[in-house]
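For reference, the chain that follows is the form predicted on its own, supplied as C-alpha cells.
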C-alpha cells in the first residue's frame, strides 16, 4: 500500500491566525494592496460572458472582493470564508461568512459556480491539495479565479535583512515567507484537473520613506513573519537598523524613497465540461498554412 506523500510544513497556522486577527480591526487603513488585486480580479470577471449564481470567496479578509464583484452584476450569492474569525465577522456585513481552516474547505462537492481567492493562498503549505479541493467544489464549467503573492514579492526587503544578519551574526534565520514562482504555480491548475489553465503575473512597486514604514504596513495587512522555523528570540534593534541602511543604500531613489516590490500571480481555470474548447488533433487542419501564406512548404528533413 502506497503511503500518502508528506507535505512540507513552512507556516505556523496559529501565528498566521493571530496576525490576521490583530490586523482585522484596522485593516481598512492597510488594504491598498488587496484593493489593487481586487480591482484586477473584478476586471477579469467583467470580461467573462456568463453569470455565476453561487460563489465562494476563500480568504475573504473584510469582504472587499465580494463587495466589488457583486457590484458588477455577474455573481449572485457569495459565501465568504477566512481562517480568522475576526475577518469572517467583518465580512459578514457583506454577506454570509464563516471561519475555516487554512487548508480545509468544508463545503459539498459541486457546490459552486465559481471559487475566488484574492491574496491569500501564498500562506498555504499544501497548495496542490487546496487547488484540488477548489476543483472538487466547482460545478461542471465552474470558474477558479485566484491571485496570490509570487516569488518577486519583497525581494528588496528579503535581501536587506539577509545581508544585515549575515554581517552581524554570521548567519540568518527565516524572516520572510517563501513565495511560489509563476512557473511552479501555473502547473497546479492542470494538476488539480482544471481545464483551460492560464497563469500570469503583475508587479506593483510601492515607495516608502524607510523600511520601518514598510514593515508597519505588513503588520497592518496581517502579512508579518509566520514561519514555523522563525526565531522565537526577539531580534536586536541593531539588525533592523543595519537592514534599513542596506535597503536605502542598495535601492533608494534620488529623492530618498525606497521601493517595495509585490508580484501578484493570477490563476484562471475551469472545471471540465463538454462544451469547452479542446485542441484540434494534429494533422486535422482543413487548410495548409503554406497555402494561406502564399509560400512553398519546406521539408524539414531536406
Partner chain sequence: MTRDTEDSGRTSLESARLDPALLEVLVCPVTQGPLKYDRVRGELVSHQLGRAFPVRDGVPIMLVEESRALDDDGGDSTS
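Please read all numbers here as calculations on a predicted model, not as lab measurements. Numbering follows the first chain given and starts at 1.
Below, we refer to the form predicted in complex with the partner chain, which is not included among the displayed structures.
Contact annotation: of the candidates 150, 142, 83, 222, the single residue with a non-hydrogen atom within 4.5 angstroms of the partner chain in the model of the complex is 83. This chain lacks the partner; the member of 196, 169, 104, 216 within 4.5 angstroms of the partner chain in the model of the complex by a non-hydrogen atom is 104. By the criterion of a heavy atom within 4.5 Å, residue 136 is counted among the residues contacting the partner chain in the model of the complex.
When the partner chain is considered in the model of the complex, residue 54 lines it closely, a heavy atom lying within 4.5 Å. Not displayed here, the partner chain is kept clear of residue 185 by more than 4.5 Å at the level of heavy atoms in the model of the complex. Interface membership of residue 191, defined by any non-hydrogen atom within 4.5 Å of the partner chain in the model of the complex, is ruled out. Every member of the trio 17, 77 and 98 reaches the partner chain in the model of the complex with some non-hydrogen atom inside 4.5 Å.
Judged by heavy atoms within 4.5 Å of the partner chain in the model of the complex, the contact stretch among the candidates 199-207, 116-124, 83-91, 156-164 is 83-91.
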